[in-house]
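Shown below, as structure tokens, is a lone chain in the form predicted alone; questions about how it binds or moves come after it.
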């Protein structure tokens, strides 16, 4: 089975991840920490990355397993975790594994997939494999939260393929390097609902040398009822769909987010 999501491509950019302004300021941490506190331990986070959500969850007193395919992202997460008190570290287990075929001895009260890792799965077969695996690892009546973007039809039909875009301000790394990030859509596959995307980082050192780093990956977009059908096929019942992390109802803003909370049915 080929790796999904090109997570290994984070090797070049993992150290930059937590400093990217839209990621650093993303208003989802409180939402997922509150969900974890409501469910109780243990929690499994799919695509935990550098621990942006995992570490605050552990700080809130929750036992959590973080799963990610990227060795480098997990290494950054471990570095961040070592800066926390020992009792926080004791609540965390980090595992390098594929979201489609992982196996743990325990079952979880809550499984989360923050910031769209599920959309790195580009086929229905991979999506079903992931959801079935999650279903096996949930306790009866356990909760799954999928964090997806709601597709913007105007954005999908614009003619900016190949153009570098973005208006994010430059950010500065702790060692003084200045980083400017841009993005581009290299190709759109409308039949398979996949955008081939590049995140481009221009990194300038103190002596003025600039390096261009590219993180390329496919991103599959899903529509609301498509997600509901996938969940129904794999033993889940949708409980809520939100347009934002303030729990605004789906449809209250456009395009907004597509945050789907579902409950395990059966065992």
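Just so it is clear, the model here is predicted, and its values are computed rather than measured. Numbering follows the first chain given and starts at 1.
What comes next is about the form predicted together with a small molecule, which is not displayed.
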Inset, instruction - Mind telling me which stretch in 163-171, 109-117, 179-187, 76-84 gets its heavy atoms within 4.5 Å of the small molecule in the predicted bound form? - result: 109-117
Legend entry - Heavy atom within 4.5 Å of the small molecule in the predicted bound form - the one residue of 222, 69, 44, 58 that qualifies: 69
Legend entry - 4.5 Å heavy atom contact, residue 121 and the small molecule in the predicted bound form: yes
Legend entry - Contact of residue 99 with the small molecule in the predicted bound form (heavy atom, 4.5 Å): yes
Legend entry - Partner contact for residue 36 in the predicted bound form: the small molecule, 4.5 angstroms, heavy atom: no
Legend entry - Partner contact for residue 245 in the predicted bound form: the small molecule, 4.5 angstroms, heavy atom: no
